[in-house]
Ligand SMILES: O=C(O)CCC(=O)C(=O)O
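First comes one chain, alone, set out as structure tokens in the form predicted on its own.
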């Protein structure tokens, strides 16, 4: 509901609304200055992040900063507030964005809305107070996103059971039973879970096929499964059931159910509350699917073996406002989106335990068909060198062309560092990649060094000075550089000693008083309640520009959204680090799932290689029923740094001081100076 504004505040907004072009000529009060400052910040942010340019004259359309789905304002809440000022032709609310667009029938009504609502406080659905800031725009528009079909092999069936069967199913799970119950009740973080038929072991993402649980599946499940078999919704009768109960605000990390553990069909029944589940293709295509209460989700084929599925942790989902939209894809129809509050959800996930190795069509992501085991954590310098050779140097030689095509936008803080250096400075970029920083400041003498011959060749094609060299032994005279940069390099070194040695090598190159800028990937991909661009980046379609789908993508416009920590719902194919297996602790390096939070500091990160990155790139039809195997997958080794770890490594050296340390979009960064 809207909070009443004092009369003095109304006159303030009225004065500002008279003529935006002459605001700078008015003598403004403290409150007026605050509104104007916030309004200008909103204008600048919209232009910078979204290319939306407000205008100085009154029009029929307004952009409403802070009045968006992304910060907890629903259509049901906002529309009546806007209609109080006149006849609303349209209200467009882009998904996950902290702003919306309104178009009135007349310019006079829009002018009135500006006068009344600019600076107005409302209470959002999450209960927080939000102040709206308005700007006129020529047209209320939003880039339409292409329509998608469901991932191949995915089926959603509404109202698969009656409300009475829902009640019986929920009552069949006795959460009060003892912890040593035969059905292996467990209390995991943020949820309760029970297993029937076979216990699912989260420590190795599999089941013990030789140790079935006594009692089998609940009797009511047997009756319902027989019905689904008869009606053709499933082809095989499951023999394993995992029941999870989630509170609002909690989610499921993106994952693929282990190929070798279960047969083709993964069947999930949603009880108690609806939910939006995210499906993502290895190429980055994201499809959000509504699973209504009492609906059945069946994953087979490509959707089961190739696409990850997960649930974003939040207390509200963006859904269709129209009642006739129940299940299926959440489209980009921004004139028909609103927020839906989550309730307590219980999922019944049925699977059939696999007795033979998986022979699916997706061998590149299949653990049964994987030709080699992931490498182990190195226990010596020699092993670390071999690991880096195989999972860093060899990979970058293989992916150099594709990698270079994705590395073209310099990071602002690095540009700022380079442009602040005195004219004529000698600067070494150690680990220069395709040389995107070598030409930033023409007043500097910059040289690049990289271990990859193919990346150095790309630098030379671009007329940059670069040579092949190792970050641990750079063939440059000591004390010859005024500055060095090391961007996204040191995290590829496999032991703490080698990482410190790389920093020492940078310092060796510097003259006394010289400075070095170091960037490494951060373990913490959420910082100060904001997700990094790595977590937020989801390509909407193949070949399309990346869209930032997080509610925090527009800096300065967001009110913090309630978040819960994710927890795993089903059988992830991505093992946790040093997981316990029969016979002791496994030291295999885990394979990270792209665009998700890190669960381990030492990981293998997949790179999905595209051979053709030019105009002749082959086109693949989205939603095709044909099996689509992605290009070769290369795994790069990373050690992601925890907060304070980079500074601690620098401080082991006696001849440096740290001038600045900071966090920048998923990276820990330091500027150090040689004494």
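Residue numbers count along the first chain shown, from 1. Keep in mind the model is a prediction, meaning the values are calculated, not measured.
FYI, the form predicted together with this ligand isn't displayed, but the following is about it.
Judged by the 2.4 Å clash test against backbone and C-beta atoms, the pocket of this chain is blocked once this ligand is superposed from its pose in the model of the complex, as three or more ligand atoms violate the cut-off. By the criterion of a heavy atom within 4.5 Å, residue 257 is counted among the residues contacting this ligand in the model of the complex. Put simply, residue 345 is close to this ligand in the model of the complex: some heavy atom of it is within 4.5 Å. Contact annotation: residue 311 falls within 4.5 Å of this ligand in the model of the complex, judged by heavy atom distances.
For the chain shown alone, residue 492 is not a contact residue for this ligand in the model of the complex, no non-hydrogen atom being within 4.5 angstroms. Partner proximity in the model of the complex, defined as non-hydrogen atoms within 4.5 angstroms of this ligand, places exactly one of 110-118, 246-254, 72-80, 528-536 at the interface: 246-254.
When you look in the model of the complex, the only residue of 288, 593, 103, 242 with a non-hydrogen atom within 4.5 Å of this ligand is 242. The listed set 268, 205, 600, 303 contains one residue whose heavy atoms approach this ligand in the model of the complex to within 4.5 Å, identified as 268. Scanning 349-363 for heavy atoms within 4.5 Å of this ligand in the model of the complex gives 349, 351 in sequence order.
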